[in-house]
Ligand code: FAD
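Only one chain is given next, in structure tokens, and it is the form predicted alone.
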Amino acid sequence: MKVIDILNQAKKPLFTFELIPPLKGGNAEVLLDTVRSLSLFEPAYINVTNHQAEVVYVERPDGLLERRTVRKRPGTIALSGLIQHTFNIPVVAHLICGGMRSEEIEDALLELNFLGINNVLALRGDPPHGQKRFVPIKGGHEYSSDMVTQIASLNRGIYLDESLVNGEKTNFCIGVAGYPEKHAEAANRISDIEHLKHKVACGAQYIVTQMFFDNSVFYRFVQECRQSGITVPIIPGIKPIGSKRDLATIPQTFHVDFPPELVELLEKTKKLSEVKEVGVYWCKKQAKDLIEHGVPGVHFYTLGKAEAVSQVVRDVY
């Protein structure tokens, strides 16, 4: 079932969550255990993230450095199929522009189509580790809106090979990301929302937001989107804080501010267990308030760990 249909038919706010594929050499069973734990709360759908390859330098026996390209978290398509067919829960597979040529994106879409997965989240992706700015590979897309256009074209039976006629039409529901506090590379919120509006015009059917810890910035974001003419569903994404380290690492990775009250609560903690208690408390507080404000659903970033999200969902839904 497509996400947009799930959203349109929902009688109450949805519970959804996101998973990260295990590191290469890891065990998929750990991921499936997370799904088993959270499936008790009847998620409407599950997202599986995608990660581009990284360049690493390995010292050779002769002392010289050898440049290698390594994909540390492979398996998005395979895991998406495994989860959807094991648990009979719709899966949203993430696709990223980073490190992929448009032909590879088309092939990935066709594989998903063969697996019966018709929900994708189209993302540009972050710059590779060690790079300050995103640069598409030759033959790749510079913006996620370009990928949205490609997927929408495939839904109309238009393939990259122009000589291909009467190609099978796909039926993908396309989601995109939104940034309540603006994308880190955007000049300002106005221009960021204009970019988001363009993604919707290209064929995006719903928006899921990057994490935030102050609900007021989400409500402002929704208002600004509506004022700009964006009418598709906007789903808030939140995450329970898991360590004090998050206070430093999350702002480094995302354009996110922490509310003073949350920072004060975290700074008072002495043990990791206390930090996690604060994280669950704050996430519950956010989720309850969001649901009271009539959001279509709440999307949880689990980072592959079910315990904290389970505590939140058990008390909120």
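Everything numeric here is computed off the predicted structure, so don't read it as measured data. Counting begins at 1, following the sequence as shown.
The discussion below concerns the form predicted in complex with the named molecule, not included here.
- With respect to the named molecule in the predicted complex, the three residues Ile96, Gly125 and Ala177 uniformly fall within 4.5 angstroms at the level of their nearest heavy atom.
- Partner contact region in the predicted complex: 209-217, out of 240-248, 104-112, 209-217, 223-231, criterion any non-hydrogen atom within 4.5 Å of the named molecule.
- Using a 4.5 angstroms limit between non-hydrogen atoms, Ser39 is distant from the named molecule in the predicted complex.
- In the predicted complex, the named molecule sits within 4.5 Å of a heavy atom belonging to Ala186.
- Under a 4.5 angstroms non-hydrogen atom cutoff, the named molecule in the predicted complex lacks Phe87 among its neighbouring residues.
- At least one heavy atom of Tyr143 is located within 4.5 Å of the named molecule in the predicted complex.
- Shown without its partner, the chain has Tyr301 as the single residue in segment 278-311 with a non-hydrogen atom within 4.5 angstroms of the named molecule in the predicted complex.
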